[in-house]
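Below you'll find only one chain, the form predicted alone, shown as structure tokens.
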């Protein structure tokens, strides 16, 4: 279609503190309180991490993926300053999926093309509107409908591509709406910190900071050849990203590449029977999910181990013909997982006999 060739208008819709917001809707008494959804903090002795926190709790320094024990300490420090006590809630994933399903049905009605990126975010292609002002008006209506029907807020980024739309949606949270037109992309990106670029994590950020590169504009001055030298093939993509270039399409025609489970133990353990029993239960749940989602099989099995000192290691095994989802799939997955975990109980992978803090199991290269 000609308008797609002339100009793309892409939207990123991101629900605000989704899990916490759903809990607040369920229990309105929570709305004026700091709320954290995640593992049980057990008065600072809990294991696991924060899944999400509402914006009042975020003011205390609590954020997603923070160890729940640290979140509890931050909350207690805030309480000592006279702030209200933080409410900790364990996740209710069936409820969140149910609400997400209704929201996604609303969102896709507003798009030429729709892509559900996760349980609480989606991309829309609205290029047929031809003008960013028209896209803004349509997204205002979308935000209003989600609020009216579900009582929840979202933040929206509107831009020429998915990369910029996602960055834009985070600029004015909560309940934001940010429009970045094509001629504004460079100026929008320039002053932002490096971590806004997808793919730049803590290690890459540290590497770049050591070279006195701190903003997107700084990184834009680096020649492509240097980026390739530093990061390999990904350096070519990074060269495009800092210039706001992204040609990826909005589409739900994608295949999930992996599915997994993980568990943080209540106490560090070296008990082989306990670890392997939990691994077997993970395998059961993975096979059940794969059947429910109608996958035919998978080709790679990956085990993750995190020790008591937080050292984390992954070990994978690829099977030539894969494991097909049939009556024998569970046994084969459990056997593959066992063969990968056993070296962590002896000198091959664990010469210091460290205890286990977390284990995980993933089926990858799904088909």
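Residue numbers count along the first chain shown, from 1. Just so it is clear, the model here is predicted, and its values are computed rather than measured.
Omitted from view is the form predicted in complex with thymidine-5'-triphosphate (TTP), to which the following refers.
Contact with thymidine-5'-triphosphate (TTP) in the model of the complex, defined as any heavy atom within 4.5 Å, is confined among 53-61, 38-46, 297-305, 330-338 to 53-61. Contact check for residue 173: a heavy atom falls within 4.5 Å of thymidine-5'-triphosphate (TTP) in the model of the complex. Contact annotation for residue 16: at least one heavy atom lies within 4.5 Å of thymidine-5'-triphosphate (TTP) in the model of the complex.
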